[in-house]
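Shown below, as structure tokens, is a lone chain in the form predicted on its own; questions about how it binds or moves come after it.
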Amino acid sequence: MSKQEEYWHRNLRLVFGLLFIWGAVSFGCGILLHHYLDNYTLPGSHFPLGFWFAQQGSMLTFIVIVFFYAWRMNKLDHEFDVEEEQS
């Protein structure tokens, strides 16, 4: 496998892994498991946990994923010598 193919393969593996996590949190916790999660509440809150995941959890997870992706891709770019030049 060439260096370019390896870089692309690892990039796609990262993207699909992060999309799976986001889907599991937003669809899984917010829709499929909300009846189970509604039995619990966050400390100091009156909202059920399933409602929280549907409204806030998926958005916060997405924000964390964006920052993680940027950090991980910077490391991957450095590893394959394709990082952007700093001005």
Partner chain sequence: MSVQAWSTLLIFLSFALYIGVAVMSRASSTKEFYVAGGGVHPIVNGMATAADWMSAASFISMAGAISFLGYDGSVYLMGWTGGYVLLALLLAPYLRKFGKFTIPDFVGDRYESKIARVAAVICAIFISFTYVSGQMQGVGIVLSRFLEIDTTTGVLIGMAIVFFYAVLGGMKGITYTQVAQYCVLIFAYLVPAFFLSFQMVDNPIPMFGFGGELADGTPLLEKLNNLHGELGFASYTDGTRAHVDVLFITAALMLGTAGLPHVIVRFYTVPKVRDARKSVGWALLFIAILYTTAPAIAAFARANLIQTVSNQPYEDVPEWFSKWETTGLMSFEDHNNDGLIQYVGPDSGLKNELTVHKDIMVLANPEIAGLPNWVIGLVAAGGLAAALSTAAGLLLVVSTAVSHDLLKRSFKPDISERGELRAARISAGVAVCFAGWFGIHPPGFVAEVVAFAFGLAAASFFPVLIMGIFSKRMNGIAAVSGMMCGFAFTSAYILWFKFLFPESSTPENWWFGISPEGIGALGMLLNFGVAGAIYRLTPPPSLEVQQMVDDIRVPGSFRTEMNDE
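Because the structure is predicted, anything quoted here is derived from the model rather than measured. Positions refer to the first chain, counted from 1. Rigid core (definition): largest C-alpha set, two forms, superposition within 1.5 Å.
As for the form predicted together with its partner chain, it is not shown, yet the points below apply to it.
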Original post:
Should Tyr40 be counted as a contact of its partner chain in the model of the complex, where contact means heavy atoms within 4.5 Å?
Top reply: no
Subject >> Stretch 31-49 - residues with a heavy atom within 4.5 Å of its partner chain in the model of the complex >> reply: Ile31, Leu32, His34, His35, Asp38, Ser45, His46, Phe47, Pro48
Original post:
Phe27: with the rigid core matched between this form and the one not shown, does its Cα shift 2 Å or more?
Top reply: no
